[in-house]
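Below, in structure tokens: the form predicted alone, a single chain.
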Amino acid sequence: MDSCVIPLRHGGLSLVQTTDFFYPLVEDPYMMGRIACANVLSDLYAMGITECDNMLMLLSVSQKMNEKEREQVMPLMMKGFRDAAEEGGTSVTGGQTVINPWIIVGGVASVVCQPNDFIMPENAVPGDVLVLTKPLGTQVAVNAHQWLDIPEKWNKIKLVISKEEVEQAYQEAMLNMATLNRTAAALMHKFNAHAATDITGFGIIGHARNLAQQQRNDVAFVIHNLPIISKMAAISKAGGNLFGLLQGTSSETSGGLLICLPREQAARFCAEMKSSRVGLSGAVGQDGGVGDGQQAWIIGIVEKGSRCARIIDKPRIIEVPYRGSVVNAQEASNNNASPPQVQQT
């Protein structure tokens, strides 16, 4: 499971808890903090949990940084983490900071739940469909952005994408990674989700296989569609099957939820995801707003099988367009308590 569920001694309650950490993968320390927080909370959201009682921050300060660099970078990273936690309805009450050769950021998320607050990821049945709530391709987008300064690598992909498009894809990947999966977690209850997981380091096929193996019923997950950030599939092909993106093995950071839904509920789930008004963190607004929400895609089916998962030989690639840049999210946060707005294109 994505989180541990610990039955407590009193009142039929359970403690649900998760932890995660990783190395920075984007240049903006504020956005990196937001991404780290979203990544930690995603394990709770994968179980349909929408509230978190407490978070701890885990922070490693690189011993290679001088004092000025530490004073500039680490407070921004901490602020990004705290801002995302606040918009997720929780707060950071403590943690641990160490000196290390590398910068590391992560945390712990904890919540005490009633049994009906979470959805065990084990009840998929043949006839369900698979829904994904964020596009794939973040690893490719982040690496392509780094290759702008590495001529030998840039030369391999420059025929399929412009420098401007690389920048747009990088901004799109940052936005996706910093967006909480909280909306999807809430809708899992409304539309009777049978199981879910979040897509991170093992890629979509790795996490689909892990989820299939947890099911009570004899099922198999078959993926027909791959929503991918625009131009990232072309980069992957130009780079010689770069990271295995089209085979589903490319790592994602703070990816979307892969959800098993009853067939008759899936389209309505996707429509409500799209119509829900959300901020950068994924927190649902009060008034709603058509077109302001997150996309979700039906990507496959659940059929009878031996608890396995596969991608068909020639999956349909859904090119997901760039929504716009993350326009100075840190400044927007400083000037306004509401989540930073994304400029629509």
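Just so it is clear, the structure is predicted and the values come from calculations on it, not from any experiment. Start at 1 with the first residue shown and count on from there.
Heads up, the form predicted together with a further copy of the same chain isn't pictured, but that's what we're talking about next.
Enquirer: Is residue 110 one of the residues lying within 4.5 Å of a further copy of the same chain in the model of the complex, judged by heavy atom distances?
Expert: Residue 110: contacts a further copy of the same chain in the model of the complex.
Enquirer: Does a further copy of the same chain get within 4.5 angstroms of any non-hydrogen atom of residue 151 in the model of the complex?
Expert: No, no contact at 4.5 Å.
Enquirer: Decide whether residue 240 counts as a contact residue for a further copy of the same chain in the model of the complex under a heavy atom distance cut-off of 4.5 Å.
Expert: Residue-level check for residue 240: no, no contact with a further copy of the same chain.
Enquirer: Do residue 157 and a further copy of the same chain come within 4.5 Å of each other in the model of the complex, heavy atoms counted?
Expert: No, residue 157 stays farther than 4.5 Å from a further copy of the same chain in the model of the complex.
Enquirer: Heavy atoms, 4.5 Å, a further copy of the same chain in the model of the complex: which of 130 to 138, 110 to 118, 259 to 267, 208 to 216 makes the cut? Say which one.
Expert: Contact criterion met by 110 to 118 only.
Enquirer: Consider the chain as shown here, without its partner, and state which of 93, 247, 162, 146 has a heavy atom within 4.5 Å of a further copy of the same chain in the model of the complex.
Expert: Spelling it out, the residue with a heavy atom inside the cut-off is 93.
Enquirer: Select from 48 to 65 the residues with a non-hydrogen atom within 4.5 Å of a further copy of the same chain in the model of the complex and write them out in sequence order.
Expert: 51, 53, 54, 56, 58, 59, 63, in sequence order.
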